[in-house]
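Here we start with a single chain on its own, the form predicted on its own, put down as structure tokens.
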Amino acid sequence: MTKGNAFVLGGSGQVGRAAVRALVADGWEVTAASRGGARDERWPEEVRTLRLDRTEEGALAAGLGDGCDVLVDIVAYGGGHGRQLTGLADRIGSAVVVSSGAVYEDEEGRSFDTQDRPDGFPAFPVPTREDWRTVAPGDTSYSTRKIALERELLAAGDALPTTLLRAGAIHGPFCPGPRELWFVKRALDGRPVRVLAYGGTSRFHPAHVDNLAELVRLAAAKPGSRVLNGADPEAPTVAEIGAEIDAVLGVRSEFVLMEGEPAETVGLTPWTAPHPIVYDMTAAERELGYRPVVSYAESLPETVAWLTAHLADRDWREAFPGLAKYGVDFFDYAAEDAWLKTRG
């Protein structure tokens, strides 16, 4: 006897792949919907795949058919997607929707939307709880669209009980913008030095796909209207991450720790920030009985192997467009070498 029918929207993506596996293992009958209709080779045969573009009029309603017991939405953005789901509430028993820790705002009104301004990077409590203040909803940025999505779904209340997962820095195989590449590529390229700004102490709380999938699994089995952070059991510093990746690859590198901010691209990593980003996981533990299934260090061998194979001999921008979209050359070795020469 199954637990019911689960419909995963965005099933072929990084988080979706893991969520489908977790739900199937827990006894759900799963439909994995995505624009390409692809399937993961690790899914069992009974997983049903569906090609679906939610932007097409009536496509999601048609895909749901008579409905589902739980809808897991990995790719929802904005109030429009929230209204799309609430408009189908009569066909959905409950929902689990991935949001983002980017929705938080500090006491000075700073958020990820202001981080490129002088003194614009937010300073949050460590750790940050779900009841901390957020940006205003809107359609001007990733952050404002995510909080607009949250507001629409929470307003539905019992009509569509929804668990919203505010994910940290997502990592693991199939990531289109893997932060870990910053260290992995340097090791593969034989770079002997790792230059890190802010003394290598920056912390941007990671969230492995398997830990997020565990949260999805638990929330699917315990419907409710709630907001929960989604992150790993630890928030390592960027220097600690670098040391762990070096250990996986069997290399030794010198860590040059800069005082203060990066010198343009030198010292800049995808985790670099003047203030720590750490999410409180107490609520998930209390409300769902959540326990992480993997630590950051334990997850790295699989991630590093996937990154290495996916990069192969390609330009990193082609292999990982999600990282290239930031318009930053994270591998400007000439600038790095020039800066190192100034140290004598």
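Source: prediction; values computed, not measured. Start at 1 and count along the sequence shown; that's the residue number.
Same protein, other form: the form predicted in complex with a small molecule, not shown, and the subject of what follows.
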| item | value |
| --- | --- |
| Single option in 176, 260, 224, 125 placed near the small molecule in the predicted bound form, where near means a heavy atom within 4.5 Å | 176 |
| Proximity to the small molecule in the predicted bound form, single hit among 168, 172, 200, 82 (heavy atom within 4.5 Å) | 168 |
| In the predicted bound form, residue 31 touching the small molecule (heavy atom, 4.5 Å) | no |
| Residue contact check: residue 22 to the small molecule in the predicted bound form, 4.5 Å heavy atom | no |
| is_contact(residue 282, the small molecule) in the predicted bound form, heavy atom dist at most 4.5 Å | no |
| Contact flag, residue 220 vs the small molecule in the predicted bound form, heavy atom cut 4.5 Å | no |
| Per-stretch contact check against the small molecule in the predicted bound form, the hit in 286-294, 61-69, 311-319, 47-55 (non-hydrogen atom, 4.5 angstroms) | 47-55 |
